[in-house]
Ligand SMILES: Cc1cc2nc3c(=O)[nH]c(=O)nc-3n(C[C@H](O)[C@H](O)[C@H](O)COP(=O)(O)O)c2cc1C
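Listed next as structure tokens is one chain, alone, in the form predicted on its own.
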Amino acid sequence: MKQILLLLAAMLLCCCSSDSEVKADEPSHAGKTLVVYYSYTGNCREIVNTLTSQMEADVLEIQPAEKGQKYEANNYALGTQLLNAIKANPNNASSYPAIDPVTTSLDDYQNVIIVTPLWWSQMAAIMQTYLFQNASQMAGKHVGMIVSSASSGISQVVNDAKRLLPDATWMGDALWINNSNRSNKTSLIQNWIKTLNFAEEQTSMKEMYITIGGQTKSVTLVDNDATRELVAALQNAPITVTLNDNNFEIWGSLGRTLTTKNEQMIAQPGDVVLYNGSNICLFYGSSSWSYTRLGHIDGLSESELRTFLKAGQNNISVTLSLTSGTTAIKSVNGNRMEDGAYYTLNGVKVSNPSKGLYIKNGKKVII
């Protein structure tokens, strides 16, 4: 009897050790993740179900505004027509097919995984619409992609994604699931997840704040030379500028010149951009021009933006800063913050800091 009990105890210990080892190998996703998908035949929906069984993520399904369309009918006539319209004029919003309104805010997520079907070697037009409409909000996000096809290669889909999301940080290579490997999608997705460079929780160095008329709103910054230079300037002191209305934006001189990364884009409500290297533009409408992206004002509707930005007025005093005022650290001194660790400007300790502005040993530093 004693031998049986010892054998059972050994078996239990072995099982517990094995479970512990498996958990230790599981990837840690510090930032919040959103899975965005469109599924026409159901294959992408199955991929999303498998993906979310292996990692924690919220899910957003994109739906076309016109229901019941047969994109493959008549030798894929309608699907080809939609793709050709985008290809002919990719910077025009009217080139993209309408989709149902989306209420999920990308401000809540650091990581986004796109799951899309391939249509005749290109990204499905419905998913292209979503990415086109949300390009500015996805700037600086860590983005991964899974592409489902019958047999066609996915290189053009990857090109479409990079065209639509020029300022995204790609977490790794896209995963291709096709008819020949679809039965192995569980292991394929499991191994792919381990290769992804997930973002850490978003910290204050990726934000700046805009104050107008006593109201302060946060701006999620993209990561480029211009924003790094702007953050470096703001660490010394807030910058106050005077901006004027231009029917769809308020804009004016920043008082300094930043390194440009101009691109032809359609600025959307809430976008913050650099114009001609030395002018800052805050949008409550939209405009197509060559700008350098700086970021996006968080969480305001178009009507709320018009109120906050004082649309229709001139000589608007706008202050840019790295703190929201009341919660920021008033002093960088103190023993707690002189331990060699990195802290955000709001006093949160960061174990694995990435690029940005931090406090170390009581002083502000940029990584």
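Residue numbers run from 1 along the displayed sequence. These figures come from a predicted structure and were not determined experimentally.
There is another form of this protein, the form predicted together with this ligand, and it is not shown here; the text below is about that form.
In the predicted complex, which of 112-120, 185-193, 133-141, 266-274 comes within 4.5 Å of this ligand (heavy atoms)?
Partner-contacting stretch among the options: 112-120.
Going by heavy atom distances of 4.5 angstroms or less, which of 322, 34, 44, 62 would be at the interface with this ligand in the predicted complex?
Contact residue from the list: 44.
Just give me the single entry in 71, 291, 96, 198 that has a non-hydrogen atom within 4.5 angstroms of this ligand in the predicted complex.
When this ligand is considered in the predicted complex, the option within 4.5 Å is 71.
Heavy atom to heavy atom, is residue 104 within 4.5 Å of this ligand in the predicted complex?
Contact with this ligand, no.
Is residue 76 near this ligand? Define near as a heavy atom within 4.5 Å, in the predicted complex.
Because a heavy atom of residue 76 falls inside 4.5 Å of this ligand in the predicted complex, the answer is yes.
Does at least one non-hydrogen atom of residue 308 fall within 4.5 angstroms of this ligand in the predicted complex?
No, no contact at 4.5 Å.
Test of understanding: in the predicted complex, would residue 151 fall inside 4.5 Å of this ligand by heavy atoms?
Because a heavy atom of residue 151 falls inside 4.5 Å of this ligand in the predicted complex, the answer is yes.
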